Ligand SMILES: Cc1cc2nc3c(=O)[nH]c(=O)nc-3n(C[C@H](O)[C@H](O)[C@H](O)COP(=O)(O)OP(=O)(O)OC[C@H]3O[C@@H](n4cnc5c(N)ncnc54)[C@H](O)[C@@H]3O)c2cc1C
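Just one chain is shown here, as C-alpha cells, and it is the form predicted on its own.
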Amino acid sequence: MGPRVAVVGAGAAGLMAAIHAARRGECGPVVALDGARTLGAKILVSGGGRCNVTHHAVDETAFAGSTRPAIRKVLRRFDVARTVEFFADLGVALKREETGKLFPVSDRARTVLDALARSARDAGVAVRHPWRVEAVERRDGAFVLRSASGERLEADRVVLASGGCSLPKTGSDGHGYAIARRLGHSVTPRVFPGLVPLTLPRDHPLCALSGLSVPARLEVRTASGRRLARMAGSLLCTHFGLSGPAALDISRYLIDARFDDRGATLVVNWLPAMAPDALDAALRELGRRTPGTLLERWLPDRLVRTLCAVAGIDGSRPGHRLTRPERVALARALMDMPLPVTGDRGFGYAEVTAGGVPLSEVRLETMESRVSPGFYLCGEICDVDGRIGGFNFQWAWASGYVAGVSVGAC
C-alpha cells in the first residue's frame, strides 16, 4: 500500500508535520521525501551548530511577511511552552540563555535532529532521501509526485515543507515555489534574502574594523528621512561590511525598502543607551579632556579613532578647542552615521527567505490550501520570516504541527 500522506521536505517543518500526521494515524502510511543527501542540514548548521530551537517569548510582532493576525493564529496553536514540552518528551532538554534563546542542554544541533528523526521513525514515518520531488500533479482526486530520476509516487494528501531559497547548499533552492504555483498558488512578487549580512564599499572605514562587535541600533529610512524600521543588538564589523544580530534583523527591511525607494538608507547609532542631549552636554563640558578619552569609556578605542576620523576631528585634541560644527559632526558620527550599504551576501549566507506563498491562500486552522484541497503548506515556503533568535524555528514547529495534525485526520 502506498503512502496516504506525502511530506515534501524533511527539515524542521517537514519532520514536525510528518511526526504529527503519523501520530494522528487516521490516514494511513506517511512518507517524508527530501532531496538533500544530508538530512536536516539546516538544523545542523543553525545556531553555530548548537540549534537555537526557539525563543522564550515569541509572538507575531517578531515576524514580517503575511499579516500579523494570520501569523498569530498559527503560532497560538503550538506555542513555546508546547515546544519545550514536545522536545522534553523526545528526551531533549532545553536551556534558556541571557538573550532569551533556547538551546538544547547538550549544545549540539545533532541532538535535536536525531530526536526528530527517531520520533518520526517511531511514529512509522518512512523517510526517503535523497528523493528530490521535481513535480506534484493532481490526478483523479489524488496526487502524483515525480522524482528527478523518474520515480513516481502517489498519495492522497501532500504537505509542502520544502523551504525557501536560503542556504541552498542544504537543499533549499526555491523549487517548492514552482510546485506551489503548479497547484494554483501564487508567490509574492518579492522573494529575497532575510537575516543576511550586508556589504559596504571595500574601502569603507568600518571594513578595517573586522571582528569588532558592539551594541548598536540600526534604522532604515526613506530617501526623505522617514523611519521604516529600527533594530537594536550586537553589530559586527567584517571585512565585507556588517553582520551580527542587529544587521541580520534589519536586513530584510532595508532590502524590501529599496525595491520601492532606491534612496532608502541605513543609519547606525553607536550609543543607543544615551540621549542626544546627554552626549551634547558631555562634549561641551570636556574642558581639557579629549573626546577620545571620553568616548573610550563607552566604545572600543579602535572604533573611537575611526569615528573621530569620520567626523573629521582629532580625538586627542582638548575638548574646549572643539568648535560647534565639530561637535555636531562627531555627534552625528556617533548617533546618526549613514552606512552606504552596497548590497547583501545573498541566499548563500541568508538564514531565512523573505516572501513566499501568502497565508491568505491557506486555511489557518489547518494549513490546507484554499485553492487545491488535500494540499498543505508549512514552514519557510510560506510568506513568513522572523527575527534572529529561534523565531523562525518556532514558526516551523507551529505551522508543521498544524499541518501535520490536520493532514493526519481523515
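Residue numbers here begin at 1 and follow the sequence given. None of the values given here were measured: they were computed from a predicted structure.
This protein has a second form, the form predicted in complex with this ligand, left out of what is shown; the following refers to that one.
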> At 4.5 angstroms, heavy atoms only, are F87, S119 and A398 all close to this ligand in the predicted bound form?
Replying inline: no
> Can you say which of 40 to 48, 66 to 74, 22 to 30, 364 to 372 gets within 4.5 Å of this ligand in the predicted bound form, counting heavy atoms only?
Replying inline: 40 to 48
>> I'd like to know whether A36 contacts this ligand in the predicted bound form, with contact meaning heavy atoms within 4.5 angstroms.
In response: yes
> With a 4.5 Å heavy atom cut-off, would you call T170 a contact of this ligand in the predicted bound form?
Replying inline: yes
>> So in the predicted bound form, is this ligand close enough to G379 to count as touching (4.5 Å, heavy atoms)?
In response: yes
> Are any of the heavy atoms in S251 no more than 4.5 Å from a heavy atom of this ligand in the predicted bound form?
Replying inline: no
> For 128 to 144: residues with a non-hydrogen atom within 4.5 angstroms of this ligand in the predicted bound form?
Replying inline: W131, R132, V133
